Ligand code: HEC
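Next up: just one chain, as structure tokens, the form predicted on its own.
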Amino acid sequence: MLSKSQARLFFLIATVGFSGVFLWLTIDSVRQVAARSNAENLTEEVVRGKEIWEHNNCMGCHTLLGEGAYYAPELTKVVERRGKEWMRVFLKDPQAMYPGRRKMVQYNFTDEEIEDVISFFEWIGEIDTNGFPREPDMAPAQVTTVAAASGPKPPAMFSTICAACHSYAGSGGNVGPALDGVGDRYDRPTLRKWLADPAGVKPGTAMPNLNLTDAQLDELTDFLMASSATSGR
């Protein structure tokens, strides 16, 4: 058992020692801020995106850098995970992407505001977070990249948006039907019309109108028709 003088000495040594360690860790952390914070890429668009994030209290549902609520997904690496094209469509109309499932509020963002929000998330995603958030132990039910073993290469729109719900060549989402051989079921004009206005072809369908441009419609239609031909049509 320690005497009073020994206990006092032990307390003083431990206090000074742990204070020194804490001070050293603080100094070391501050020294690394410049290299880790991605401050050199802090543009006006990023600042406006952060203001939109704060004004709409997005942290009331989402977490960012581990801080916030846990009702909705963590968004630190959302650009890397989902891609900018998917985010543009989702932020424009969250409900359209997941009819009857998503609870996110429709904020009616302008195109400029959407780009600002994406710039903010892109900046956040490039911060050196020392491995946070960690990779999931299991693959998600929906993946946003498609890599076919053979056949035509999927266009960017397909890999980042269509693959969130549909699978092709064994990869992709499981919300909608697989798109292997879809060109066997539709001719080119019908398939293009479906992509342009799903509800116009099939009222009540869960597939959203992605408001694709003519160029995107042609690119997706060409890919789906060609992939069917390659698979043995």
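Quick caveat, the model's predicted, so the values are computed rather than measured. Position 1 is the first residue in the sequence shown; the rest follow in order.
Just so it is clear, the following notes concern the form predicted together with this ligand, a form of the same protein that is not shown.
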Going by heavy atom distances of 4.5 angstroms or less, which of 169, 47, 65, 61 would be at the interface with this ligand in the predicted bound form?
61
Is residue 72 close enough to this ligand in the predicted bound form to count, meaning some heavy atom within 4.5 Å?
yes
Contact test in the predicted bound form: residue 175 vs this ligand, heavy atoms, 4.5 Å
yes
Hey, in the predicted bound form, is residue 43 touching this ligand, heavy atoms inside 4.5 Å?
no
Decide whether residue 123 counts as a contact residue for this ligand in the predicted bound form under a heavy atom distance cut-off of 4.5 Å.
no
At a 4.5 angstroms cut-off on non-hydrogen atoms, which residues of 172-193 are near this ligand in the predicted bound form? List them in order.
175, 176, 177, 179, 182, 185, 186, 191
